Structures are given as C-alpha cells and as structure tokens.
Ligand code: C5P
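There is one chain below, alone, in structure tokens, taken in the form predicted on its own.
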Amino acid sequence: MEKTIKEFSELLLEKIKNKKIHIVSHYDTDGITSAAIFSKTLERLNKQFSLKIIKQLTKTEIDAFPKDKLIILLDLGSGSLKELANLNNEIFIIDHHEIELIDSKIYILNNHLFNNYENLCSAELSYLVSRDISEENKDLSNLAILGMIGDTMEKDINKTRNKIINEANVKIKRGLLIYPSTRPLDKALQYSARPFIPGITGDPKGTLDLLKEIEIEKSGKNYKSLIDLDEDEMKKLVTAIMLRLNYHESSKELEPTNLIGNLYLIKFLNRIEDAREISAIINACGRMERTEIALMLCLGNTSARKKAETVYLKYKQNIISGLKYIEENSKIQGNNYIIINGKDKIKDTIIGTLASILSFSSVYKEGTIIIAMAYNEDKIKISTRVAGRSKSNKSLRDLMNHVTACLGGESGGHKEAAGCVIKKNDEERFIELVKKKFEYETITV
C-alpha cells in the first residue's frame, strides 16, 4: 500500500504543476476532514484551488464541473466512474466506498483495490497522501482521526490506523462510549444518540433521575465529566444504562462489553477534546448545510468554534425531534425489514443519521433492515442500515442499485449502509418495490 500511495502522490504532484485545481468532497465528517487535509496541503504548496462540498455526486454535479480544471474527488466518486469517464478533465479520486473498475484514465486511490486490504476511511487515505507529499503535513493527522471516528471505524485498529493514531499523539482512555466524555455528564447523557437510551436521551428530568439513582452528585456547579468518573461510578452508570435499554438478547451491540471502549482525546484548538464530539460537530455542520463553518473549524479558525456549536445544538434538537417523530408515527413492517417514512417532517440531511442511530440501538431486532425516507423538494432521500453488529448476508448496496435500476435516480454506499435518491412521484412505487423484494426475493451478497 505504501508503494501505491507514493506513486499516487508523485503523480498528483506532477499533474497539478501547471493546472488549475477543483476539489469536490462529501458533506459528512470524513469528507469534510478530507477536504481540510487537502486544502491545507495545497495551500502549503502555494497552489490555488476551488472547493465544493456536496451531498451526493449526481449527474447534475458532474456536469457542473469546471472544464478547465484538474478534479480531485474526496470520499466519493467510486460509484460514478462511468459518468466521470465521459469528462475531458484529469481526475484523481481518493475514496473508500465499494468500486467497480472500468477502463478509464481516472487515477484512483481506494483501499478496496489493495491486495492487503485495510479498512481505512477517505480522511486517512487523504492524510497518507498528504504526509507522503511533505512531512510538514504530519500535523494534519488529527483530522484523519476525526474522519475515522466520523465513519465509526475506531474499533478496527489495523496496522496503518495504529500508525496514524501514534502520529496524531492521541490519548486513549477506556470508558463508556457516550460523548462528549469531556463535558458534564448530564449533558452527555441527555444528548446521547449512540446508544439511544429510552427515558434519558432527550429527557432532562430522566437524566437527573438516573444520576440521583446512582448517587452521582454535582461537583460545584456542574456534574463530573465521563472521563473523571472513578471505577465504582462508571460501573454504576453502565449498570443503570443497561437496565434502561430494552435490548434483545441477540443484540451484541448492547452487551456491557460493547458499551465500554476507547475514548479518543485529541488536542484541538489548544484544548484537549473528545474526538467523538468534534467529529459530531463537523458532521452536524454538514447535515445542517453549514459546511463552510465545519471547514473553517477543521482549518483551525477559532471563531468558527462558537458558530459550529450553535449549529450542533440545532442539529441535536433535530435529531431528538426526528427520533420522537419516528417513535410516535406508524411504520411499515414486514419480513425482517421496516420502512420509516419521514416525509417532510424530517430533514433529508439527517435521515441517514437517524437510520444509523436506530441500527445501533435496541429498538429493532438484530439483522432487521432499516429503510428510512425523507423528502427533499421533488425528490426522496433514502437511507438503509442493518440493525445490530452481526454480519448480514444481505447487500443494501445491491438493493439500492436495484431500486434505481427500476425507478431511476442515484445510488451508492456499502453492503451494510447504502442509500439512493429517487423522484418524489415514485414514493408508492418504491415502497411496493421494496415489499416485493423482501417478501419474494433474496438480496444477494
């Protein structure tokens, strides 16, 4: 892999010598941190560039690419090679999504193409290229960590990831996997989404009742933070949360051993921060369509922090209201699947996040396919996830490809997390298509 990255980096440096550059990146944490890494890298090379952060690489977006610039795609592009091959631009892709290679002149760095496959996110791959370009860029390793956590890969510490963690000088502590671990415990519990805790998440009174029950009191004006709890307090907290989780015995995600894990503490804007919180703030800015604030935050702009926290608060309120809407409204449930139709009551930019939260929760039986929908003007955004952590024999990416093959639209993603965008007029046809697919067919791997 090191040889491939070196060759990719050298080729990129050669190609950008006398070219105008246009970066296009995805709007989640992985995409935004990738964009920040490349922005800083090109700035240090004294290169001028334009940048756009987008929800999805649609045909409309591809057609809008500037004709006279070299294109760098980050955290997207692997599923759009046929469309990209029609362009006359020179194109570089750094991505980690599943890929079907075609004969083209596109330059691709994707870990699925390595024989010694390591599950790295786009920010990590972007960092490895940046570091290969110059050792000066080692200070961007924290951004790679944020991208990795944004894509929930922190439990899979492979050889390359471990090296990046060491270069980022990350401090790792064991603790309850609720963030932010550096903020007052009552706030961390109240806004906990992974896990979603019935009677606690979104409920200030329920949170205070829990803390009173386990005899954790305020230290001065505020409660202790998670990382400040002693061993006995941590045990009481984990037990209390387990009792409130109406979990299925088959759900490995909610066993005590999976509620406890590594807390990543990084130095960010001259403060020790919980990397999960910073990652979540970046993601929130993307989902609330304030990507410029997230990018400024990643690039070290101190004034962007307060703006980002304001956006984050609104985002968390949207998440809580979205979860309550799902809980209180009817859903279509069938053979090992559930369809949640948020219509215009849930933002299309957070429907995928809600599907992920539910997939990590105890709400649905492990292995249940969660299909979540939300309107976006004349279109519908659809996100699919698998509940629980066991490996599924169903491919959600194949399902989304099947949908768009039948109805038109754009699709992409992974085996266990995929999505698509279809026309709003096809809402009922989509629901019937999914029902038929699950009731009478098997989704192949």
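Between two forms, the rigid core is the largest collection of C-alphas that superpose within 1.5 Å. Just count from 1 along the sequence shown to find any residue number. From a predicted model like this one, the values you see are computed outputs, not experimental measurements.
The next section is about a form of this same protein that is not shown, the form predicted in complex with cytidine-5'-monophosphate.
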Quick one: does Ala417 come within 4.5 Å of cytidine-5'-monophosphate in the predicted bound form, counting heavy atoms only?
yes
Is there a heavy atom of Lys381 no more than 4.5 Å from a heavy atom of cytidine-5'-monophosphate in the predicted bound form?
yes
Can Gly413 be called a contact residue for cytidine-5'-monophosphate in the predicted bound form at 4.5 Å between heavy atoms?
yes
Hey, in the predicted bound form, does Gly322 get a heavy atom within 4.5 angstroms of cytidine-5'-monophosphate?
no
In the predicted bound form, which of the listed residues (Pro184, Gly367, Gly352, Gly175) lies with a heavy atom within 4.5 Å of cytidine-5'-monophosphate?
Gly352
So which of Leu12, Ile21, Val421, Val434 reaches within 4.5 angstroms of cytidine-5'-monophosphate in the predicted bound form, heavy atom to heavy atom?
Val421
Any idea which of 60-68, 29-37, 405-413, 42-50 reaches within 4.5 Å of cytidine-5'-monophosphate in the predicted bound form, heavy atoms considered?
405-413
Taking cytidine-5'-monophosphate as it sits in the predicted bound form, which residues of 45-66 have a non-hydrogen atom within 4.5 Å of it? Please list them.
Gln56
Rigid core superposed: Lys40 CA moves 2 Å or more between the shown form and the other one:
no
After a core superposition, would you say Ser411 shifts its C-alpha by at least 2 Å between the shown form and the other one?
yes
Align on the rigid core first; then say whether the Cα of Thr58 has moved by at least 2 Å between the shown form and the other one.
no
